[in-house]
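Only one chain is given next, in C-alpha cells, and it is the form predicted on its own.
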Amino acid sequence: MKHMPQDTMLTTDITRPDPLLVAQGLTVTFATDQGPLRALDAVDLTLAPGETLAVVGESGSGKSVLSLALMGLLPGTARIEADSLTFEGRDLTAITERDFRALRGTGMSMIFQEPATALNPVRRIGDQIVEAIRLHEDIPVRKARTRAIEALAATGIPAPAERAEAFPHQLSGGMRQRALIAMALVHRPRLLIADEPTTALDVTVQAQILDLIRDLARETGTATLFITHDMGVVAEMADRVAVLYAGRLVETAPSAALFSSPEHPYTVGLLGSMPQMNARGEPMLPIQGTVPDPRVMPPGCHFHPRCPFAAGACLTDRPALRQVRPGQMSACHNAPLIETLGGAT
C-alpha cells in the first residue's frame, strides 16, 4: 500500500506558496555487516520558499542522514526510497549524479558541521570559493576572485581580501564557519541546509553566526533547513519545527506552538532539558535512557521505553502522525497531551 502524505495541512493551505521541497515517505536504509539499518523511516516534510524549518532531535535521530539524503551525498551503502522527493517540482530520485552536482551549489547548498574538515586544509580560502563559483559559472578567474571577496565581505569577515589569501588553519573557528557560509551562499541558492553549523563555536560566535545565516537568508529569499539538537537555536531561528526520534517524525508544529504546547512526550522531554525553560530553582527534566539501536527497535511507539506515559497501545501499536490542532501534528497515542493526561505534562 502506498504511503500517504501526512503533512497535508502544510501542503494544501492556499495561503502558502507552492512548496520548494517535498518529501513524502522518505526512507533511508544502510547495508551493514549486521544487516539492514533503517536510519529514516517514512519521513514527510515540506519547506516553502523563504521559510526556516528546524529539524531537531538527539544524536542518532536521523537528522544528518536527512540532510545528506536531500543533498544526494549519501554513500553507496545507502538505499533511498520515497513516495515523493521533489525540489521545485523536480524528482530528486530520478535525476543523474551529473544533474545533482549541477543542482548542488546553485539550487541547494549546505553548511557542514565542522568547518575544519569541510575546508581543504592545503588550499587558500579564496581559491576554494573561486573553485565553487567556476564549477557552475564560466567566468574568468579574476572576476570569480572578486565575487569570492565580496561573498566573504557579506559574512562580516574583516579584511576579506586578506582572509581570502589565508589557509583554513590561519583563521579562527568563527571565521572558518563564515567562509563556509560565503561558499554556500555565493550562488544565492533557493535552499540552504545548515547541519549543526554552530556546534563547535563559543556562545558569542554562535550568536553571530545564527544572526548571519538568518539575515543572509532573508536578504536572498533562501529557504533554510536548520539541523540541530539545540532547542535554544530552534527558538531563535525557526518558523516551523520537525522533531525526529529514532528515524521517525514524531511532531511538526509552528515554532511558537511547539514551545507553548508540545504534543509529543519526546518534545516535552527536549524542552524540559533546557535550563531556560525551567523556573529558577526547578530541576531540569532530562529524558531518561538513550536512543535505541536502529537494528533492534522496540515494538509499538519507538519512544515508549523512555516515555513516562507509555501504556497499552504504546507498547504494541505504532502511532500515526496525525493532526491534533491546526498546523500541529503528533505521533502519540495520548495526544492531545493535556486533554488526555489531565495536565500531567
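Note that the coordinates shown come from a computational prediction; the quantities given were computed from them, not determined experimentally. The first residue of the sequence shown is number 1, and the count goes up from there.
Just so it is clear, the following notes concern the form predicted in complex with a small molecule, a form of the same protein that is not shown.
The putative spot formed by T117, G126 and E162 is not touched by the small molecule in the model of the complex; no residue has a non-hydrogen atom within 4.5 angstroms of it.
In the model of the complex, the small molecule lies farther than 4.5 Å from every heavy atom of A48. In the model of the complex, T32 approaches the small molecule with a heavy atom inside 4.5 Å.
Though the partner is left out of this view, P75 does reach within 4.5 Å of the small molecule in the model of the complex, counting heavy atoms only. For the chain shown alone, S61 is a contact residue for the small molecule in the model of the complex, at least one non-hydrogen atom being within 4.5 angstroms.
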